[in-house]
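Alright, two takes on the same chain below, each alone as C-alpha cells: structure 1 and structure 2.
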Structure 1
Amino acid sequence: MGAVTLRGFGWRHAGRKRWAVRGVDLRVEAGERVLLLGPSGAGKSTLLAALAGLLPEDSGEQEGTVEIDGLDPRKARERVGIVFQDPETQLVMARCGDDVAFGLENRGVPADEIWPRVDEALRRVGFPYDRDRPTAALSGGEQQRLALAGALALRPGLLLLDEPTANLDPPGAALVRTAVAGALDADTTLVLVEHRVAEALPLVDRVVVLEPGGGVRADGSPDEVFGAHGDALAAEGVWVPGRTVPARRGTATPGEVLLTADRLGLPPRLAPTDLQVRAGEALAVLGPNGAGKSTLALLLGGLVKPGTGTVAASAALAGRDARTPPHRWRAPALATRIGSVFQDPEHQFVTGTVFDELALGPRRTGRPEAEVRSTVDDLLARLRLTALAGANPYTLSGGEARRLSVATALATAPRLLICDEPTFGQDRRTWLELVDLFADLRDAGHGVVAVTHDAEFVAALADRQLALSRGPSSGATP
C-alpha cells in the first residue's frame, strides 16, 4: 500500500503566474524510501501537499494527475500521514494524547482501540511525557515528535515528511531520525524532503531531484544520482554529500567593542550570561534546544528588557545614545544600529509584499526614495527574490521566507547584525550566498552574532563561539 503515480503533474498557486511544480512524471512503489531534493522554491513542499490531498481546487490550478494506489489523493487521505515543515501549525488539541487520538477519531477507529494505538505511537517516537501534557508546553523538537506520532498512529501506507529536523539541535535531530527509522514498517512508503542529504541518506534508498523549471532532474539510488550528476547538482544548490564548502574566516583582527552583556539573563528563559561583540568579528552562539539562545538574541537586539544584568552599547555603535541601554532606544535608531533576524521568519513580516517588506526599514530611517529602491533591488537580486517582489511574504516557501527575513535586517545596513538560525532550510547555493553576505559585512567592520545549530556554518564563518547550556551559564570560548 502507498504507491504513488504522478503523470505530467503541475500545480500553480492561486495568485501566481509561475508554476510551483510542473511536468513531474514519477512512480514510487509501495515500500520505497525516497529522498526528494531540489533547490529552495523548486516545489518540494507543494508536491508533498499534493500527495496528501491538501491542495484544494480553490487555491490553485492543477495539470496532469496524481494517484495514490490508483485513487485521487483527496479520497486516499486515510492512507497518508504527513508532517509539515512547521509542526506548530499542526497541533490541534490542547493535550498531547488527545492530539494523537484526533486522527484516529476522525477515521472512526473504535473507542477502545484508540488509546493503545496512541500509546504505541508515542512510544515509537520516544515521546518523553504522558498523554495529559499540554501541547502548548512543548519545545520545537518535542512538537515535531508529537506531530510524527500523530501521523504514525494512523498507520499510513505513505508517510510524507517535510524537513522534519530543521530546527532541532543535533541530538534531537538524530532522535527524530531514529524514531522514523524505527517506526517504518516494511511496506510503508516514505517520501522525505530534507536539504541536508548526508543526514537523511541512512533513511532512504532512492533520490529524486526536482528541476526548478519543471520536471525531474535526476532519479535513482543515491550512488547513481550523486555519482553521475554530483558536480552539476552541487552547483545548482543540492547538498551533495562529501563536498566541502570554502571557509570565510575573518582576515583582520577584530576592532572596537560594539556591545557588552554583563550577567545578562531573563529567568527562567536564560541564565545570566557574559559576552562581548566586536566590530569585524562573527560570533556563533550554540546550545541545545531550549537553552535560551533566541532569548539572548532578543535581549542583545534591544527588543526585550533584560531580567537580570545589563546590555551596554559602546560609543562606536550608538554615539550619544551609548549611555542608555538598547531596549530604551527609539525604534528608527535601533534599526540602523542593530539588525535582528528572528528564528521564525514569519514573526518578522509586517507588510503585504516582499518589496514593501524590504523597503520598510530604509524608509523608516529616513533614506531618500531613490536610495531605498536601489538598496531593495540589490538585495532582491542577491538573494534571488526578484521574481517574487510583489508576492505576499506569507506565501513564500520555507527557504524563500528565511532569505527575505535576513534581507530585511540587512536593508538598514546595521553596524551589528543578530541572526537566529539564519541558514536553516537553505539549499547549498543560498547557503554559500548567505555565508558570503555575512563575511562581507564582517570584513567591512560590522559585527555579526549568529545563533545556530549548523556546524558547517560555524566552521565556515565563526571567529568565536559561545556555547549556552541548559542550566547555569557558561562563558565564551576563544
Structure 2
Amino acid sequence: MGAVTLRGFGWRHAGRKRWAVRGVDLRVEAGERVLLLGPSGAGKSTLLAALAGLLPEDSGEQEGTVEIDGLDPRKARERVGIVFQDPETQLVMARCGDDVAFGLENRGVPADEIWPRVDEALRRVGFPYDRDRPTAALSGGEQQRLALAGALALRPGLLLLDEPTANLDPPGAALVRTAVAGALDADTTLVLVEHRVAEALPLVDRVVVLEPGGGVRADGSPDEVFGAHGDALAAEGVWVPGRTVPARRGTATPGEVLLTADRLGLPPRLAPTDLQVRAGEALAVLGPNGAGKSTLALLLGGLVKPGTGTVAASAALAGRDARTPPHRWRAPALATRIGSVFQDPEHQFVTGTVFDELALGPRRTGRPEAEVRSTVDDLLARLRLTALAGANPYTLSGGEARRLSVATALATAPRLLICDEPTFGQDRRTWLELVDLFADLRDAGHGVVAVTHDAEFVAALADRQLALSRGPSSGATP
C-alpha cells in the first residue's frame, strides 16, 4: 500500500503570512512513480514533509486533508520512508550497519529480523562496504545510499525523495538514481522532488506540477505535461528537458591577483593545492565528493587556519593587511573583503528574520541605517525574497535559503565572493538570476570562486576551472 490523497490541502508555517502550499487536490495510487515539480518556493518540500507526517499540529496552520492509505500521515509513519537533500541530517550512528538498524529498532522489529533486513537494504542500494564502515568515512554519494538503505529497510509503502542528488557529484548522483531504480518493489509508491528533470525522468511515469499561488498546474505523463506546458513551465522556472540556458562568460581580461594559495592544505581533508584568484574572473572549483572542495572554500575565505601552506592576499584586496593571512583578519575587515556562502545555508543564519539576516553584516561594519535598509531592500528584490523579509530564515525552502545565504555574503559588497554549491535547490528562473548576479559582480571587477557540481553553471559562467582529486597526495593547479 502507499496511496496518497490530498483534498484542498494547504499549510502555513507558524509566524508566516504566506501559505507554503495551498489548494492541492491530488490522488496517487499505490505503485505509481511521481515526479513533483514547481518553481522554488512552490511548496514541494512542505508537501513531502506533510506526507511523511513531519508537520506537527502546533508548528503551523493546515487547510484541507492529507491521507496515506486513508490515515492521517502522523498516524501512518510506519508506512512512509523519506530521504532528504542532505543525508547527514539522517545519519545518527557511528557505524553504517547500526545506522540502517536504528529505525528498525525504534519500530520494535524483532531482533532476529533486524540484521537480515539491514543486509538486504544495503545490498539493494549497492552499498560498497560492510556494516562496520564508519559513517564519518563516507562520501556524499555513499551517505545518500546509506540514508536510502535506512528508508528501504523499513519496507515503506510510500517512498519520498527530496532532491536526493542535489549536493552530489555526477557519478555519485548517477549511483543514487541507479540505487533507487533497483531498490523499489513493484508496489512501492514513489514521490520524487528533483530540479534536474531530465536525469529523473527514467524513474517516474507521472509528472505533477505545483502552482506557486496554490493548486496543481499540470498532471500527466512526462510527454503530456511537457508537450502541452513545456514553454510556459520553463518561463516560470521549471527545468524542462531540452531547454538551453544562455552563457554569461567574461568579455574583459581578468585584473589583478586578489588571493594566492601556495601548497594550501588541511590534511586529511585537502591535499596541498596551488591557485590564484583574480579580480574580474569567475573560477569554478570542481572534483568528486570528498576531494576537499568545501575545505578549500573555507581556507580561501579566511574561516579556517591552514594546516599546510599559505593563503596570501594582495594589497588590491587587503590594503595594509596584505602581510596578514585572512584567517587572522578582524571580522569586520574580513566581511568587507571576502564574502563566503556555505554549502549548508542554515549554518550561517543567526537572526530571527530574513531582513535582519541581510542587515547584520552592513550594521556590523558601521554603515548608516538608511544605507543598510537600501542595501537590504535591493538584495531582497534582486533575489525574489521581498515577500519573505519578515520570515524566520529557518522556515524557508531550500532554494530560498540558498538565495538568502548568497545575499548575506553580498550585503557588505566584498571584493571577493566564495560560494559553495551556490545553485543547488534553484528553479530555472532563480538559477538564471544567480548566474546574472555573479556575472555582473565579475564584470564589475569582483572575484568569484564557486565550488560546484553544476556543469551547466560552469558552462554558463566560469572563465577558468580548477579540478581537485581525492587522495592524500593529490593536489591541483589551474
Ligand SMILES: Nc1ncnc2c1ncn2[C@@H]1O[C@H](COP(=O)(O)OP(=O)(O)OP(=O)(O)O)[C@@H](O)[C@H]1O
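All residue numbers here refer to structure 1's sequence, counted from 1. Nothing here was measured: the structure is a model prediction, and the numbers come from that model. We call the rigid core whatever largest set of C-alpha positions still superposes within 1.5 Å between the two forms.
Participant: Among the two displayed forms of the chain, which is the form predicted together with the named molecule?
Facilitator: Looking at both, the form predicted together with the named molecule is number 1.
Participant: C-alpha of Gly140: shift of 2 angstroms or more between structures 1 and 2, rigid core aligned?
Facilitator: Shift of 2 Å or more: yes.
Participant: At a 2 Å cut-off on C-alpha positions, does Glu105 qualify as shifted between structures 1 and 2 after fitting the rigid core?
Facilitator: Yes: Glu105 shifts by at least 2 Å between structures 1 and 2.
Participant: Comparing between structures 1 and 2 on the rigid core, is the C-alpha shift at Leu161 2 Å or larger?
Facilitator: Comparing the forms between structures 1 and 2, which are aligned on their rigid core, Leu161 does not shift its C-alpha by 2 Å or more.
Participant: Relative to the superposed core, report the C-alpha shift of Asp130 between structures 1 and 2 in angstrom.
Facilitator: C-alpha shift for Asp130: 2.3 Å.
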